[in-house]
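Single chain ahead, written as structure tokens, the form predicted alone.
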Amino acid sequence: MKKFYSVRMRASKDGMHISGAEGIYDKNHVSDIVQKYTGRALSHEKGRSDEISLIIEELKKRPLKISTLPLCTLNTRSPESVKKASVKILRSIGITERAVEEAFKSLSLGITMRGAMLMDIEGVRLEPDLLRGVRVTRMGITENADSILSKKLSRLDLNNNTVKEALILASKVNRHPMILGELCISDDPDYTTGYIAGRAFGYIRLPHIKRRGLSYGGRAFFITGGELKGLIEYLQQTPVIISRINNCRGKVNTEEILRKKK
């Protein structure tokens, strides 16, 4: 059986997170990827890292192959319009307005968490460690799927690591039946596009989710039913690799998303 490895990189400067990356690769590509990840950490726009951690792990079971979520961009122009649209879309799949408001509030506090918050549909936090959250790992994309995704994103002028890696993560997360949806705000002060995601409507980019220059951010996963332990094990341990690419569209409005969901 072909051997696969999970390669994970985390870089920091003066104790502050600078860069992170991960993927699943066969053994012939591992050394090249390590070099690529190290170079990324040493030449990041946030500054040159003074500490780089690399984990290379042989996977004991074959990765689960999945598709990406369909991608589009909502025509939002301010943090206020982002919140309003997010509430409307997430409410349409059973997540309460209170939960969405609580997620936005919690992600705006400026507390840096290594992982995501787990919230029920009423906005109650459920993760075992409220300070660390739950970190999603062991995910990647095949070479063929990566090439197709690059072509589709290039047509939208979105072919970059930020969009690709977020889409891969969201596609893994929202495949689990306990996950209803997700809200993400980047903690990069210069990156002001967040997203919401869910099986019902796909991966929706949200321009202007925050004002430029603000360094808060993070992820909230809205969950329902099932066993929390099993969900956390899936997010942290189950290897998943993208092998098929769904539709990638340009700008849409909230009504289009809600109509398509129906």
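The structure presented is a predicted model; accordingly, all values stated were derived computationally and were not measured. Numbers follow the displayed sequence, beginning with 1.
Omitted here: the form predicted together with pimelic acid (PML). The next part is about that form.
K.L.:
Report the residue, out of Met113, Met178, Ile93, Val163, that has at least one non-hydrogen atom within 4.5 angstroms of pimelic acid (PML) in the model of the complex.
P.N.:
By the 4.5 Å criterion, the partner-contacting residue is Val163.
K.L.:
Using a 4.5 Å heavy atom cut-off, state whether Thr142 contacts pimelic acid (PML) in the model of the complex.
P.N.:
Although pimelic acid (PML) is absent here, Thr142 would stay clear of it in the model of the complex, with no heavy atoms inside 4.5 Å.
K.L.:
Any of the heavy atoms of Ile168 lying within 4.5 Å of pimelic acid (PML) in the model of the complex?
P.N.:
Outside the cut-off, so no.
K.L.:
Is Leu149 part of the interface with pimelic acid (PML) in the model of the complex - any heavy atom within 4.5 Å?
P.N.:
No, Leu149 is distant from the partner.
K.L.:
In the model of the complex, does Thr193 have a heavy atom within 4.5 Å of pimelic acid (PML)?
P.N.:
Looking in the model of the complex, residue contacts with pimelic acid (PML) include Thr193, since a heavy atom lies within 4.5 Å.
K.L.:
Quick one: which of 178-186, 82-90, 103-111, 124-132 gets within 4.5 Å of pimelic acid (PML) in the model of the complex, going by heavy atoms?
P.N.:
That would be 178-186.
K.L.:
Mind listing which residues of 214-241 have a heavy atom within 4.5 Å of pimelic acid (PML) in the model of the complex?
P.N.:
Just Arg219.
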